[in-house]
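Here you get one chain, nothing else, as structure tokens; it is the form predicted on its own.
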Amino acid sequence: MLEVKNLNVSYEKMQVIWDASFEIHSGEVVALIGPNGAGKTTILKTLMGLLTPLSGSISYMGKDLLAYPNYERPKLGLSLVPEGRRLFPKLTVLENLQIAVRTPEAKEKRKENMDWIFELLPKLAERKNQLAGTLSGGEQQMLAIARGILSKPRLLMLDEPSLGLAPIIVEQVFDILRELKERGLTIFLVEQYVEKSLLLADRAYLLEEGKIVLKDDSKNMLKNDHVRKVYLGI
């Protein structure tokens, strides 16, 4: 589905990604792990067209993704749930969701998808007429995820979806991701909870100082001495 080769990206005139290569296959969950400041968010922003790489290639569904401007990429089936949620606080839950319905496929199945969202996340159904800015942090994150999947993406990317949430809410977030995985959605996950991410994912890449230094299936990554010591505290 997605193949990235020799990607180099700068951020504010400083190069932060160096020759990164990775791939994501349809129907799998891939985790991108690494320390803060390694460049994980930069990679997601580049995939969404918010940053332009210095060099390298990105092939998505057989297309040259770099040929498409950022506003065209959601139409290709790319969706990003950004760090910090980025909701419209003065719009209701329902209005925030309706904004996500942009692609022809999503518009065609809007009612069906909305019903599924409210079934998956009943708290949002209870609060659909409430302003997004008045929701709790956990509810806002659920809304951000719901908005990301309502556009019916082929590839859902999430940037630190558990950031700032209480442990019980983190569990709920991962329950949602497991449900999406069971439904066959392709997911690219950047997440601070490394062990939870690896238990969810099929494969993973480790990014350190802007370079992918390790790639493996998640079971092997959990057994890797460096990952266990540095990221799992074992």
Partner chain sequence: MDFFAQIIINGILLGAIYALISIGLNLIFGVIKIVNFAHGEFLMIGMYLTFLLFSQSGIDPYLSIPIVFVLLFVLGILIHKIILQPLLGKAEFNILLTTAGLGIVFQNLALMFFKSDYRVIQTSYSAAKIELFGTLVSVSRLGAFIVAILAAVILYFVLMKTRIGMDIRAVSQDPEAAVLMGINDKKIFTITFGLGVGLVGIAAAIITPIYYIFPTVGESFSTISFIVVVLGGLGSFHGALIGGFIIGIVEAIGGIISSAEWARVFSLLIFLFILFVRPSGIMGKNARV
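In this text the structure is predicted, and so the values were computed from the model without any measurement. Residue numbers count along the first chain shown, from 1.
Keep in mind the form predicted in complex with its partner chain is missing from the figure; the text below concerns it.
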Using heavy atoms only and a 4.5 Å cut-off, determine which of V101, A125, L120, L163 is in contact with its partner chain in the predicted bound form. V101
Identify, from the list Q172, N70, S59, Q192, the residue with a heavy atom within 4.5 Å of its partner chain in the predicted bound form. N70
So which of 178-186, 23-31, 43-51, 203-211 is the stretch with heavy atoms within 4.5 Å of its partner chain in the predicted bound form? 43-51
Against its partner chain in the predicted bound form, would K111 count as a contact residue? Criterion: heavy atoms within 4.5 Å. no
Although the partner isn't part of this model, could you tell me whether R147 comes within 4.5 Å of its partner chain in the predicted bound form, counting any heavy atom of the residue? yes
In the predicted bound form, L158 touching its partner chain (heavy atom, 4.5 Å): no
Should P89 be classed as touching its partner chain in the predicted bound form when contacts are defined as heavy atoms within 4.5 Å? yes
